[in-house]
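Below you'll find only one chain, the form predicted alone, shown as structure tokens.
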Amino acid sequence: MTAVAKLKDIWVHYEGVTALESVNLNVEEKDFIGIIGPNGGGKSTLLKVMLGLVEPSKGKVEILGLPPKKNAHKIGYVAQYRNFDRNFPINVWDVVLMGRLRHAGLLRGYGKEDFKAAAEALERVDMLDLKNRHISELSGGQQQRVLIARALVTQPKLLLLDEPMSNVDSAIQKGFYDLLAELNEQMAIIMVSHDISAVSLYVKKVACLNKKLYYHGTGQITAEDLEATYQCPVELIAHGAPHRVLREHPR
């Protein structure tokens, strides 16, 4: 397997406060890793380190063998959901094209390849028919599909998702996870989430993060990892089908 991303002994400090502590992670082709953990545990920071937006205080990061900033175009990123300004005049098509700015350049403008990439990305997430719709008119799930399309227009090797289900109705979440499973056939995915049950059902591997990363390269999480991450007893968690249930914590 080819390593898509490598993080070795990563430390991050913000004004003297430790955000990440000795994090080690290898991401291989077609990995689908779910990262769970409490608020303030460093999950978003970890994604930003991989994007090259946060410089580690210590440690080494490689994306496809190079520093993140040199291969940033090979990473797709969907940040935590933010409400759109309903008065801002932008439609679905323009939102997705924004993902091609690195290729097009501010002065050159978009070309045929950019338009083709945007159309293919929207078709991939089943949103091409709504390309002329104002982004604020879409449902939360539709908006997230558009944002994923924007992340796909550069044909990334790694897709990073920060709480992608935070504004998606539970009734349509399965379809969203089905989409991610299809995308995972062509790229590695790392998804940050608070939804432990959903993560355990849909991803291939699970990690716990609370400054330190507890990761064994499998879909199983040990009771000890959960307790160390959340710093409180977690009685059980089920993974996949059939369910594999962890033992109860001692009280």
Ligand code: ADP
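Heads up: residue numbers just count along the shown sequence, starting at 1. If you're wondering where the values come from, they're calculated on a predicted model, not measured in any experiment.
Just so it is clear, the following notes concern the form predicted together with adenosine-5'-diphosphate (ADP), a form of the same protein that is not shown.
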> S197, N39, T218, S57: which sits within 4.5 Å of adenosine-5'-diphosphate (ADP) in the predicted bound form by any heavy atom?
Replying inline: N39
>> Please tell me whether any heavy atom belonging to S44 falls inside 4.5 Å of a heavy atom of adenosine-5'-diphosphate (ADP), as the geometry stands in the predicted bound form.
In response: yes
> Do A228 and adenosine-5'-diphosphate (ADP) come within 4.5 Å of each other in the predicted bound form, heavy atoms counted?
Replying inline: no
> Even though adenosine-5'-diphosphate (ADP) is not shown here, does N71 get within 4.5 Å of it in the predicted bound form, heavy atoms only?
Replying inline: no
> So, in the predicted bound form, is A19 in contact with adenosine-5'-diphosphate (ADP) at a 4.5 angstroms heavy atom limit?
Replying inline: yes
> Looking at 219-227, 59-67, 182-190, 31-39, which lies within 4.5 angstroms of adenosine-5'-diphosphate (ADP) in the predicted bound form, counting heavy atoms?
Replying inline: 31-39
